[in-house]
Structures are given as C-alpha cells and as structure tokens.
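Below you'll find only one chain, the form predicted on its own, shown as structure tokens.
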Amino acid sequence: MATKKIGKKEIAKLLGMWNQRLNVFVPFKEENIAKMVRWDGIDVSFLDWYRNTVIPCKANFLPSMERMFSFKKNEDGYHIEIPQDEQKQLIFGIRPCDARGIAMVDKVFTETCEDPYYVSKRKNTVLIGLSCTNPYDSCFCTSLGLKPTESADVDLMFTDIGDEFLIEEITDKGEELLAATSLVKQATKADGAKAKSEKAALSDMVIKKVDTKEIAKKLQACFSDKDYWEKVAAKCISCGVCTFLCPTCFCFDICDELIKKQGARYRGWDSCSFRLYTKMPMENPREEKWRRVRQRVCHKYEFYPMNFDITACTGCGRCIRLCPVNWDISQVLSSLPASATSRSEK
C-alpha cells in the first residue's frame, strides 16, 4: 500500500484544490450540531475541535427527507419528473466507524435492491477517512473488530502523525485522486513507524469494552424472555433519536404531498422505535414498547448478520451519549440472560 504525507498547514490548500473539481464536504457545526456540510472554502478549524459528527454521514446519501419525484396530472395522464443528482462530491474527515456504517447501508441499497437515489450519490463520492484521535467514553468500536485509525471502507485514509498526516491509498479511486494532487509528498519509513505507533496508542484510548462474542446466540436464547425485555425497555421513551443518529439504521417512510392535480413523493427517515412503525391494516406487530426495543437490538446483532454476515453496529456510541434518558445498548448486551428459553413467545 502506497503512503504519502501532507503538512496540516496545507490542508486548506488541499481541500481548495479538490474543491475545484468536486463538492467538498467537511465537519462543521450548525447550531452546535456537528455534521458534514459543504466546505466554505476557508474554514479548517474542524481539525482542532472535531471528534465525530452528531449527524452520521449516512445523511449525505440517505437524507432525512428527500423528494423522489414530482408529478402532475392533466388530460393526457400523469407526468413524472425525477430530480437528477449527478454532482461529484468528496467527504473529508469521515471516521472509520461511520465509514463502516456506510459500507453496511451500501449492502441494503445496492445488494438487496439497487436504489437509484442512493446509488447515484455513492458512485459519485470519494470518502476520505480521518483517524479518530479523541474517542468518547461511549465509543466501543474495538469491541466490534474496528479500529479508530484504520478503515478499508474509504478511498484514502489520513492518520495524524503530529504536524503532518500520513495518507494511505485504499482504493483505485483514492490513488487516482492523490496522483493528481501536487501538495503531497512521499512518506518515509520514519513516518510509517510513527503512524504505526500512533495507531496502537489511539486504539488503546477506546476504553469501553463490550463482550460481543456469540451475541447472536445469546439473543436467540432470550428472544422470548418477555420479563427481560420489559425490564430493558422500561427507561426507553421511544423518541427514535438512537435510530436517526445511528450510522447503520436505514428505515424510511414514503408519503405524497398533493395539491389539486400536482404534487411530489417524498421519503424520510423512520424508526422501529415508533409505535406506528410497520403498522398493518389488521394489527400492529410491535405495539408494546418492549417488542420494539427487542426488534432494534436483535436487528443489529442477530437479524442483519443473518442476511449480510456483518453486525449492524459500529460502536460509534452515539445512541448512548445522545439518548435523552441515558439508555445504554452496551449495558443491554452485557446483561443478556445466560439461560436459554424457547423461541416461541410467552
């Protein structure tokens, strides 16, 4: 793997160079909420304050509300207008946990079905990873096999080595981008050794550990333990924040806005925490809160791995630190009953 480097003082120039050909997005705070927004061409202060975004990077590909198409009816029938989004973009600074979240969502929108809205954004995007140098106490990525400094899910990976960043070329797309960038220099063996040392130290900074070994089997064993799930769900207020801010949750609802003979169809984020989620004409299969909480936990650690052979959690810790009632999914995973029960519900 080829490695190069660039001084931190050159980052603004680097982004400016890329910004001439691509729409560059960087971490930015709006009303004290950090998210990836279009770079203003000047500000790189995020290099000083950025830990992770509040809004996960999935929002750049699956917006919280998105117009799918507009329609109008006249004497000839319906006329559909589909918005075109072919602009190329570069997202700089995505953390490895969020990059893995994008890779998981990719499987849903490209393998299960090919969603044209999502796919068009993904194929036109370059992801630049940035090593996580200050993980939160709620982060537990290493318990899920991830590292805060390495990622196979980005095109280029930047690692902080002091006054410079070491740059690793992960994909051909990243290599091509870097080949056309004059500001970078060839990294030395000393730079590589420094990066290796920094990576080891930063991994040790993730102090929260969760035992995820055979977690799917443990969930299967307690699936029908209503008393356990009622206890686990007692504190939850079903606000849905944990799902909206999760980098791997992807559920959405679709609605039409109609005024006389014209309107538009939209899709927006939905949450399995909501009582009306999946409500059917005859019944609501998860009217009780404990069933919805169980669904969320089992989907991440049992159902999704059954379909895609990967856990739908990156250990980013958002659902823990941003929950208004301090509901902690890591405590749930650590408190699963040891005894097995029948799969049929009580």
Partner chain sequence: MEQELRKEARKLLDEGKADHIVGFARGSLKFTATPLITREKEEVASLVINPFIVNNLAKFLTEVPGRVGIVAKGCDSRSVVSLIQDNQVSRDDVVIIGVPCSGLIDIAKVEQLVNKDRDEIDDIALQGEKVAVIIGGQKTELPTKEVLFEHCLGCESPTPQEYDILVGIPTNAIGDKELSLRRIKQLEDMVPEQRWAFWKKQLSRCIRCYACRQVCPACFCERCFVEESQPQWISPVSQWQDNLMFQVIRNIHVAGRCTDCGECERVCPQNIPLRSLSKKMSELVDEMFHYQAGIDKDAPALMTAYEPVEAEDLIM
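Predicted model only: the values in this text are computed from it and were never measured. Residue numbers count along the first chain shown, from 1.
Not pictured, yet referred to below: the form predicted in complex with the partner chain.
Work out which of K196, K209, H79, K235 lies within 4.5 Å of the partner chain in the predicted bound form, going by heavy atoms.
-> So the residue touching the partner chain in the predicted bound form, by this definition, is K235.
Sole residue of E111, D137, E214, E176 within 4.5 Å of the partner chain in the predicted bound form, by heavy atom = So the residue touching the partner chain in the predicted bound form, by this definition, is D137.
Stretch in contact, per heavy atom within 4.5 angstroms of the partner chain in the predicted bound form, of 185 to 193, 70 to 78, 226 to 234, 155 to 163 = Result of the contact check: 226 to 234.
All of E31, V54 and K289 within 4.5 Å of the partner chain in the predicted bound form, heavy atom check = Contact check passed for all of E31, V54 and K289.
In the predicted bound form, N284 touching the partner chain (heavy atom, 4.5 Å) = Outside the cut-off, so no.
Do P337 and the partner chain come within 4.5 Å of each other in the predicted bound form, heavy atoms counted?
-> P337: no contact with the partner chain in the predicted bound form.
Non-hydrogen atom contact K123 with the partner chain in the predicted bound form at 4.5 angstroms | Output for K123 is no: heavy atoms all beyond 4.5 Å of the partner chain.
Within a 4.5 Å heavy atom cut-off, is V241 in contact with the partner chain in the predicted bound form?
-> Heavy-atom contact with the partner chain at 4.5 Å: present for V241.
Can you name the residues of 297 to 329 that have a non-hydrogen atom within 4.5 angstroms of the partner chain in the predicted bound form?
-> Stretch hits, in order: I320, R321, P324, V325, N326, D328.
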